[in-house]
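As structure tokens, one chain now follows by itself in the form predicted alone.
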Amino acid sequence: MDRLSSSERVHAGRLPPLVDVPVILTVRRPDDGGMFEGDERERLALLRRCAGDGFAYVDLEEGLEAPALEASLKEAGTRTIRSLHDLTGVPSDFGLRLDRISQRPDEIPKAAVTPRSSADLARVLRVIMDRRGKSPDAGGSQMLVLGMGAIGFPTRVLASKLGAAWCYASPASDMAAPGHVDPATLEDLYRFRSIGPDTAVFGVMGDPVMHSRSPFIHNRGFDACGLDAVFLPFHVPDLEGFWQVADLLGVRGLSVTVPHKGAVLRRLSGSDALVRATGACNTMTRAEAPGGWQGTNTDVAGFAGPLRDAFGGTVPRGLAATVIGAGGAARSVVHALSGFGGRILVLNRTPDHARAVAEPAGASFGGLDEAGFKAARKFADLVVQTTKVGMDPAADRDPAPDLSFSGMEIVYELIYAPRVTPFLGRALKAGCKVIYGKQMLISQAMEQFRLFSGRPYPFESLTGLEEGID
């Protein structure tokens, strides 16, 4: 109700009879993420006035002692949700506070906190699982614990798996709280109603990652194959903290994106020749029970497929290519180009990083400077942009603004969101043939899906896949 105007609040009690689902009433203060600007006496009077209007639940904050209001709610048969909120982080005494509000008979305890790291998210998950085990029905159906923001996102999609009574959502055009998922996305992308205690969890981990269209590809495949599985994004600013999250959720497989493709190597129990050759891992799998991670690299094949298509099926030997960037993706690209017998130049803002990628493949290297761009004129059959510059939060930037295009190059950019970055826009304007990042995304995801599910990607789901990614 705090989001309604004063004139609308008068008529709020008309809503419950108009809908065929239970309605929760909240009048939230700014400190708790709401918009009610009146004094506390006015707020309590408003809640009490609405107590008999058919609301199924009323949400009251921890520490609020209002006997008259609580008596009115009980008389009206309205259930109370007792909630704690922290919009800044995860309180150090989070578990104790949740225990305290859980002691109130006939009330549903709720906590909405804001994890700032994967380690924070792991703390939230431990609290959920510990309290769920203490519930009389061992299902935790009378508890709500949610992580707000991008890092807490998995607690919303996996609400049913984690034993929550429900999940909060709001329209994409007017999000009511940080990290809300709009109902259509929950239903259509994540198949929310099909997620249960036994649903297998897969995901893509990175920083940033919430833009990823990998969930669209994999969840569409899981649905077509009738698999009880879900694929979601994990925003991971701190890699070490994330492994606790993966163990707590029993994550079975991961796509790995920037900036973690090299850093995950020390976590692997085993890896294949591609990982050892490139020094980069973009796919991790393990058995159903938590255990050692196995790593592979589908980026090499994923990069090569669209390149072959661009050349009509066969990449010519001796292809002269400039690769921009020196991260895990660049290592995979250089490895693939070496396999085609290409002549390669690696350019990076830090030339020593370019050297580390180039020298194992016998390639040339340089900086993103005048000398590097001059050298690139001799490696201009193909230009590959592998950095994250051009995607949020740097969507307006170009990683190599002084690298000119003649129009004769094939320009291949690995970024797929946005579809056309400033860099690719310049290439298109110059008349270059381009290969879009979504083509590589789909190509490498096909092999990941097989590794995750044990099945080939369903042919019928390929229709409209590229359009869906846009």
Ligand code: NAP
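Quick caveat: nothing in here was measured; it's all calculated off a predicted structure. Throughout, we count residues from 1 along the sequence that is shown.
There is another form of the same protein, the form predicted in complex with the ligand; it is not shown, and what comes next is about it.
Only one segment in the set 77-85, 101-109, 346-354, 184-192 has any non-hydrogen atom within 4.5 angstroms of the ligand in the model of the complex, and it is 346-354. Though the partner is left out of this view, V145 does not reach within 4.5 Å of the ligand in the model of the complex, counting heavy atoms only. Using a 4.5 angstroms threshold between heavy atoms, K388 counts as touching the ligand in the model of the complex. Using a 4.5 angstroms threshold between heavy atoms, T257 counts as touching the ligand in the model of the complex. Proximity of H218 to the ligand in the model of the complex falls outside the 4.5 Å heavy atom cutoff. Note on the partner interface in the model of the complex: the residue among Y416, F423, F36, F55 having a heavy atom within 4.5 angstroms of the ligand is Y416.
Of the residues given (V204, V124, A329, L382), A329 alone sits with a heavy atom within 4.5 Å of the ligand in the model of the complex. For the partner-free chain shown, G437, M440, L441, Q444 of 422-445 come within 4.5 angstroms of the ligand in the model of the complex, judged by any non-hydrogen atom.
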